[in-house]
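We've got the same protein chain twice here, in two forms, each standing alone as C-alpha cells: structure 1 and structure 2.
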Structure 1
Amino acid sequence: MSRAPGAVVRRQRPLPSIVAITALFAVAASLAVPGFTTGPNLTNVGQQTAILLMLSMPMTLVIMSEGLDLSAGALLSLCGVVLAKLLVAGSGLPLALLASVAVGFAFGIFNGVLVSVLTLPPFVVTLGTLGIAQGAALVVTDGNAVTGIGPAAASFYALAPLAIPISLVIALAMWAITHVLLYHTRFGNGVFAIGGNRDALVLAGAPAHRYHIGVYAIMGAVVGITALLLVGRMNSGHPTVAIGMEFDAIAAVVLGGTAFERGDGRLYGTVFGVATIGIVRNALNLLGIESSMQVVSIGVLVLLVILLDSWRKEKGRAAP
C-alpha cells in the first residue's frame, strides 16, 4: 500500500499514565466528593469539559507540529465579544457566528504565516497575538461585559438532543472530525511529518507551508466556533473571560502524552487529559477550593504525569 508524500510511520506504544490517572480520579471523586455523581453535576462536568475539548483538539495538532498557541484564550474572548456585539446590534446568530469564526480564522492564518513562512518561534508569535487579541477585546468593549444579547445564543446552548447537551454533541463531533483529519487524510500525514521530519516532507514535494499554516488556521476557526458555546453559557460576552483557558488546553494535550517534538501525538490521550482536568476542577469546586489553587493542582498533575511517563520509558529502555 502506497503512502502519501511525507507520511510517517506511527508506532504502537503503551497507554499513557493519564488513562489510569483519569480512572483513579473519577473513582476518588465519586467516593469522596459529595454530590459529584448526581445527574445535574455530571451534566455540568460534561458542559464544562466540552469547551476545553473543543480547544484541545486543534491544540493537539499545533503541539504535534512542534508549535504552541498561547493566544487561544485571549482569542476566544475576542471572538466571544465580536459574536455578542453583533447579536446586540440585531444580527442573527448564524451571521454572528460566521463573524466569530472569520476573526479566529484570520488570527490563525496570521500565526501560521509567521511561524511557518517567516520561521519565527511559535511561543513568541502567539504571545504577541495574545496581546493583540486581548487588547482588541478590551478596546471594543471598554473593558465591560457585553450584555443584552437576546435569547438566541442561550437558547441554542440549552438544546439537548437525545438528552445530551448540545455543547457536548458539538465537542464530540469536533473530536470525530479531528480524528478523521489526523489519521485518514494527507493533511494528517503532513501534521505528523512536520513534527517528525519536516525536511523529508519538503523533499517529497508536499506543501509543508500549507499544512503548517492550516494547523493554525484550524485552531483559530475552532476557537471562533467555541465562542458560541462560551457566550451561550454566559449569555454575554466578556473581554477577559477566557484568559487562561489555553493553559488548560495545553495541559490536557501534554497530559494525554503528546510531545513537543518529533510529531509524537495521541488524540485519544488528549480526551483523557480533558476528562481528568474536568473531574479535578469540578471536584475542587464542590469542595470549595479557590480557583488559584485549582490551577496549582493542574500544574502539579501535569508534572506528575510527565514524570510517570518518563519513568516508564526509561524502564522500558532498560528492560532486556
Structure 2
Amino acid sequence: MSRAPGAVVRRQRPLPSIVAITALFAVAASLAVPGFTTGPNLTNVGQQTAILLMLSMPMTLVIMSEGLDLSAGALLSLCGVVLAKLLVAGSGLPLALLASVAVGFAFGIFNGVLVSVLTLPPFVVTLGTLGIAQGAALVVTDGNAVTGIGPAAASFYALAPLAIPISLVIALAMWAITHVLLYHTRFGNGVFAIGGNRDALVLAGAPAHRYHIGVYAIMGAVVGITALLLVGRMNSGHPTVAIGMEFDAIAAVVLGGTAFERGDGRLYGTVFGVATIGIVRNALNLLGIESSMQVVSIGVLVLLVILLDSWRKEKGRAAP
C-alpha cells in the first residue's frame, strides 16, 4: 500500500469502467437521439462541458491527494463577479483576468495551508471557504448580476480557432498541462505520494507541504481562469451561478475511477467522466425527457458506474 515517491506512476491496470460507459452512451446517443451528431450540437456539448472539464482537472489532483474542494463552485462565482466588476470599472481583460486568478489563488493557498500545515480535514476547511466565497460574492454584488461589462469577455468567448470553441481549446490545454504536471514532474509524483503515503514523502526529504499547498493553489488559480469562460458565456458576472458545480466536478472525477483513498486514479478517466455527464445531459434535453426523470437518471448513472467499478474490482481480486 505504501509506495515510495518516484516509483508510483505507470502500473498496468484495467481501463476504468467509465471508458466503456462513455463509448456506450456516445454510440447510443448518435443512433437514437435525433440531432445529436450535428456539428452545432457537438459544439454545444463541447462548450457546456468545457467549464466542468476545467474544474475537474485540478479537482482530480485534489482528490488524488486524499482531499476535496467543496469551495470550487462558490469561488468560481466570486472570481466571475470580481472579473466582471473590474471590467465594468474599465480595466482591460488581462488585468481583470489577473485579479480573478489572484483571488482564486489566494483562496487556494488559504485552503492548502489549513489542510496541509494545520492538518485540518479538507471537507471542513473547504466547506468553510465555500461559505466565505459565496458570502463575499453576494455582499460585493448585493445579490445582483454584474452587467455592462463591455464586449471583451464575450468576444473572447466567441473565438473559435479551427471551428473549435475557445472554451474547449482552453479546457483541453488544461488537460494537457495537468497531464504533464501529474505524470512528468516531481510535483506529480508528490501528489500521488501525498495520497498514498505522505509520511514516506516527508521522510524522503521532499517538500510535502509545498506540494500539498500547491495542489489547492492550482485548484484556486484554475478556478480564476475558468471564471473568464463563465463570464464570457453569460456576458455578465453572477454571484450564485456556479453553486453546486463542485459536486458535478467531484462526481466527474470519481466516475472517472479516482478513489477518495490512497492517491489512486487516472487523469483521462476524469475526462471520460466529464464527457459522460455532458453527453447524458445533452441527450436527455434533446429527447425532451421530463426534468424529474433527468434527476433520477443522474442518480442511476452514478450508481451504475460505481457498481460496475466495484464489481470488476471484486472479479479482479477473485482471479488475479
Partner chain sequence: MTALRDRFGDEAVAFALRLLLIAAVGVALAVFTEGFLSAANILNVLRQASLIFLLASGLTLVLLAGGFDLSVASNLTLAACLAAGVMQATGSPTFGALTALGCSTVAGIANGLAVTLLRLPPFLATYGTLWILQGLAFQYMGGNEIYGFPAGFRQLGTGFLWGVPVPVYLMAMVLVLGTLLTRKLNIGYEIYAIGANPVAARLSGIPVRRRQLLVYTLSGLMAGVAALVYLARVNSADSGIGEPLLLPVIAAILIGGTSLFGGVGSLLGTVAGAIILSLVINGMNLLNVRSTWQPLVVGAVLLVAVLADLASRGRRERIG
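Counting starts at 1 and follows the sequence of structure 1. Being a predicted model, the structure only gives us computed values, none of them experimental. In this text, rigid core is short for the largest set of C-alphas that superpose within 1.5 Å between two forms.
### Query
Is the form predicted alone shown as structure 1 or as structure 2?
The form predicted alone is the one given as structure 1; the other form is structure 2.
### Message
Please determine whether the C-alpha atom of residue 291 is displaced by 2 Å or more between structures 1 and 2 following superposition on the rigid core.
### Response
Yes, its C-alpha moves 2 Å or more.
### Query
residue 45: CA shift of at least 2 Å between structures 1 and 2 after core fit?
For residue 45, whose C-alpha is compared between structures 1 and 2 after core superposition, the shift is less than 2 Å.
### Query
Core-aligned, is the CA shift for residue 33 between structures 1 and 2 2 angstroms or more?
Shift at residue 33: 2 Å or more after core fit.
### Query
How much does the C-alpha of residue 300 move between structures 1 and 2, in Å, when the core is lined up?
Spelling it out: core superposed, C-alpha of residue 300 shifted, distance 3.0 Å.
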